[in-house]
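To begin, one chain is listed below as structure tokens, in the form predicted on its own.
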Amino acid sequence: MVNKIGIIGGGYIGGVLVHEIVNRRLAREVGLCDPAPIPNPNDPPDRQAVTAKQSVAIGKCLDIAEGLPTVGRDIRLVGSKDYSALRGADLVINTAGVPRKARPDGTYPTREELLAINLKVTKQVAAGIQEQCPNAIIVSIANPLDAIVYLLNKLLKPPKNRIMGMAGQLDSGRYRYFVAEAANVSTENVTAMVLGGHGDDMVPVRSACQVAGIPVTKFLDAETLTKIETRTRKAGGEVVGLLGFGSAFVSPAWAALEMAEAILFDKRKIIPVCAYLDGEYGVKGLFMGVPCILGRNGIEKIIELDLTDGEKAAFAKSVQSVRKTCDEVEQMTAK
């Protein structure tokens, strides 16, 4: 059990994270921060005053705290509308960002508009971490994942082993589930890796996918695997399409906690992580999804897989996509 874990963002993912941290007894204290709800300046003064007193973060923490006697937990929960709830955190999980949703007129923000908004949010997140817990290990979930973790690193400049993005574990979990479903075997039997950026160019590594140590090609034909790999790349959108709002929230939270537990318990567990590459895989200066050993120091080691020629080409394409996004980050933050 670590002393304190901080969560940035009190939405669906943040709520699952706090609940699971308490249930798993991962920390003596959990801090949750979120500015919502934010008063609308167009509302009447009395309505603005009511909104100013409300707090998603404090409310969710109080709700969980009131259930602690029932589930037999002694964990302190702290919520705040500013970043003070993060004070002294040993590990921070960032979920802060604005999802792509329809405006009142039915139109959607462009990708560039959404990126610009979330980069502004990320600047505030970085300032909050710097002020309240500058030495914390950082796991970022917020999307666009590759751009957000890149900017956090640029602003905070932590040791490269102490900042990472959560994507590979989630994408690999989806890949594993689809394979297990198609092969009609336990999900526990399936191991898999998804590398690269967290987007349409992610790379499900078929050569590393096994069922109980046996190559997946012994169970599923090439056509089925191709369909599964395509579905894996689109899995987040599939969930959103079915929900009709927001994003997937339980599976991302569980994936981040898998990473957190590996760090907190010094498991030295191999997990695909969005890590800063300094020459590994022929890439320098970008965060890419690659297998890493996670332990008490964060990223203990990056593992370079022997990829097939096709997988190398797919990874190179994914690198180009991430580089393009990071170039956009540089341009937008230079203004």
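Bear in mind that the values here come from a model prediction, so they are computed numbers and not experimental data. Numbers follow the displayed sequence, beginning with 1.
Absent from the display: the form predicted together with ligand APR. The rest refers to it.
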query	finding
Candidate stretches 261-269, 205-213, 136-144, 225-233 - the one whose heavy atoms come within 4.5 Å of ligand APR in the model of the complex	136-144
In the model of the complex, the one of 132, 251, 153, 247 near ligand APR [non-hydrogen atom within 4.5 angstroms]	247
Proximity to ligand APR in the model of the complex, single hit among 149, 195, 125, 256 (heavy atom within 4.5 Å)	125
4.5 Å heavy atom contact, residue 89 and ligand APR in the model of the complex	no
Contact test in the model of the complex: residue 288 vs ligand APR, heavy atoms, 4.5 Å	no
Exercise: residue 13 in contact with ligand APR in the model of the complex, heavy atom 4.5 Å	yes
Contact test in the model of the complex: residue 75 vs ligand APR, heavy atoms, 4.5 Å	no
Members of 36-51 lying within 4.5 angstroms of ligand APR, judged by heavy atom, in the model of the complex	36
